[in-house]
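This document starts with one chain, in the form predicted on its own, laid out as structure tokens.
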């Protein structure tokens, strides 16, 4: 069984806006010294792939990413967690792609990997939160796509997937190959990289595939254009409500909220 896990390196979603910059002219984020992490849902996808590897006699897990220089750390972390191989799609030609073009490039990368049985993606990325890449890759590769999956197993050479739905869970079975977008659950919390894994991953040579390697010669259409990119500016105002006792303060507070149209 060969599993490809698509991962993305993003700014740590927990860091405040003061820790990074936005280049408004280039319409992109400048992370500076801010921490970069594997997109959390992608880390859940790695964990599911490694759990399958633990249960399957013959299973290979390949981590694949598309992006610039910082992405190498994400791939080495995936190797340190237990992935067998890593593929890096890196080329200046890939900068500024929208979701559709990104999915097209990743799909070409997966095709170049060879015969695969399962593709796993995070349900959405923690930076743009669009949640489109997984289903678009499935479209490019003509694969069945199962979304919002929390667990995956193999039974009788078929995939058995557990989907998170509004009122519980849904069990889906499908043939391989297929693609699943992974959500977080208590059953797929990412394992820690071991010290041995980190050392071995640091010594691995990671293949880098360019646009030429993937046979991409045509211009990739940018269907989505970012017109503006800014950090939201929140202002806080404090008003002290005076009064002789609680009922008076409450009445004045209600009057203030009504004047602000918070209460009707």
Partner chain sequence: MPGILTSVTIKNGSPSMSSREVLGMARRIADQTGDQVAAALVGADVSSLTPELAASGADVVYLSESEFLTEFQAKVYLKVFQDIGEVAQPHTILFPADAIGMDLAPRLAYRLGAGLVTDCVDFAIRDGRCIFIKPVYGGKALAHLRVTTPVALATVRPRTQEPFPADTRRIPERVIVAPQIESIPREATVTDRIEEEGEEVNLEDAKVVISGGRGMGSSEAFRQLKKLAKILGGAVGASRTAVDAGWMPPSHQVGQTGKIVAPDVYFAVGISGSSQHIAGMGGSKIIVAINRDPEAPILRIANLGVIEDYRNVLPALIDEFSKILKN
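What you see is a predicted model; the values in this text were computed from it and never measured. Here the rigid core means the biggest group of C-alpha atoms that line up within 1.5 Å when the two forms are laid on top of each other. Numbering follows the first chain given and starts at 1.
Not pictured, yet referred to below: the form predicted in complex with its partner chain.
For residue 209, no non-hydrogen atom is located within 4.5 Å of its partner chain in the model of the complex, even though that partner is not displayed. Though the partner is left out of this view, residue 205 does not reach within 4.5 Å of its partner chain in the model of the complex, counting heavy atoms only. Using a 4.5 angstroms limit between non-hydrogen atoms, residue 196 is distant from its partner chain in the model of the complex. Within 4.5 Å of any heavy atom of its partner chain in the model of the complex lies no heavy atom of residue 72. The stretch among 108-116, 146-154, 87-95, 74-82 whose residues place heavy atoms within 4.5 Å of its partner chain in the model of the complex is 146-154. Contact residues in stretch 218-233 (any heavy atom within 4.5 Å of its partner chain, taken in the model of the complex) are 222, 223, 224, 225, 226, 227, 228, 229, 230, 231, 232. Relative to the superposed rigid core, residue 206 undergoes a CA displacement smaller than 2 Å between this form and the one not shown. Superposed on the core, the two forms differ at residue 235: its CA moves 2 Å or more between this form and the one not shown. Residue 13 is not among the residues whose C-alpha shifts by 2 Å or more between this form and the one not shown once the rigid core is aligned; its shift stays under 2 Å.
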